[in-house]
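A single chain comes next, written as structure tokens; it is the form predicted on its own.
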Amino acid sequence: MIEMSPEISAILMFAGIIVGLWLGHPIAFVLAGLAAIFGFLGWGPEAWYMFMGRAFDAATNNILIAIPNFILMASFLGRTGISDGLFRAMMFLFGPMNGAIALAVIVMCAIEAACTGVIGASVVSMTILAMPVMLKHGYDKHLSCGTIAAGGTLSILIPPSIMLVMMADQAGVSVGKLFAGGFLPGLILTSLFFIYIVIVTRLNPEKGPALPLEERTGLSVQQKIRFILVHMVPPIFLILGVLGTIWTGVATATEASGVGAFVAFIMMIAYGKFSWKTLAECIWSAARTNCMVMAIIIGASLFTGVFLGLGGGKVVTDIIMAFDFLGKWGMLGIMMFIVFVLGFLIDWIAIVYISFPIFLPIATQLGFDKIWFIILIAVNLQMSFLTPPVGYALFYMKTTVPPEVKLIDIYRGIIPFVIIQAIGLMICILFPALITYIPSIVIR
């Protein structure tokens, strides 16, 4: 064992994360490896007992069962073809407006978010569906990239969201309350994205022209209405089925996630997309994603245990409390800034596991509502999916965009949307009722 001050161990552990990621190692192994190294240096072989206990607790957590169910639900929905139909329906709806396709993407992403809660599914599906169409109609590359990437991030905030499930588990609060609290902020961000596209394409129509007249008139009004109903009504029933059962107290989030996965499976059959091969592919895809998520959860849990055990939590707390001269709002700003900076460097799961044990007691001490504070962090983490070098939405998109779209186009495209997300965060801070009102009336 080596004697290290809490300050030195905290600095070295965060430095280790940066070095490990810079070398290209998966975040789960970086976190677990650092936990093993510093746990052994700090406590010796006794650290292994803590590792086994935390890994077992993470792997047997009943609340986290909702995560694989929601991921499986997203996998089934991706095979139904609903995304394609919904996207076309939204294009018909907004066709006469400048930026019609981009507006359709934002609304489509919001609907997908309320169906799946998985960001990768939204970004990849919308990149494949919308990017070629937007480029074909002469849309600005940067606006196209930013729209799809930012719209895809809504999946992690608008319920059902696997991030909110994980946050509820870490904070010891109701999943239903967090789902209710994240609903209006998700709509606010959706509206801000929508308004931005309307303004930009109104000022500069060449960046996003309206849908050509021949495409808008290709179907009769009755055909358009039928097309929209066929592809819109089933997802709405799915959303109401999952969120409604949670908010009315009929089912827990875990039970509702199972219902959602089953309904998505029935929808796959109803849309004629079922085959045993497709079912196997859906299950295999969901299993791979779940393994990745659980590996990160366990690695982050081990890292957090060692970090807090070696006094790192007290170091961060002391740094934040040193700004008490700024008042509680200044200290809130410091915590939000730390979360924002961490979003550049590490995975959101790691941020949740590292920051919650430190920040939640401080927020409670300062008199902030816990649900409100947690949703603020969730909105803040929206930006982490768009900010390099660890912005997952950027990499999901880069793997599926046409060859003429370069990584620099994606980076330039997300800048205004990150600013919009920051504005959305400020709105939620200035008007707490946007977060707290629905949980207060829906969940008792």
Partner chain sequence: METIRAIVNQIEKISEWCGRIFSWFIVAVILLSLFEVFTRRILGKPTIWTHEVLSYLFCGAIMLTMGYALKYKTHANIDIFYERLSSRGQAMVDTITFIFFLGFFSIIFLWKGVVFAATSWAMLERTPSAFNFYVFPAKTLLPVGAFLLLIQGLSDFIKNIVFLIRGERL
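Keep in mind that what you see is a predicted model, and the values were worked out from it rather than measured. Residue numbers count along the first chain shown, from 1.
Omitted here: the form predicted in complex with its partner chain. The next part is about that form.
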Options 144 to 152, 229 to 237, 351 to 359, 296 to 304; stretch whose heavy atom lies within 4.5 Å of its partner chain in the model of the complex
296 to 304
Whether 21, 251 and 284 all lie within 4.5 angstroms of its partner chain in the model of the complex by heavy atom:
yes
Within 4.5 Å of its partner chain in the model of the complex, heavy atoms considered, which of 188, 128, 366, 259?
259
In the model of the complex, the residue from 136, 328, 288, 202 that sits within 4.5 Å of its partner chain by heavy atoms:
288
Taking any heavy atom pair closer than or equal to 4.5 Å as contact, tell me whether residue 69 reaches its partner chain in the model of the complex.
yes
State yes or no: in the model of the complex, is some non-hydrogen atom of residue 43 no more than 4.5 angstroms from a non-hydrogen atom of its partner chain?
no
With a 4.5 Å heavy atom cut-off, would you call residue 26 a contact of its partner chain in the model of the complex?
yes
Considering non-hydrogen atoms and a 4.5 Å limit, does its partner chain approach residue 225 in the model of the complex?
no
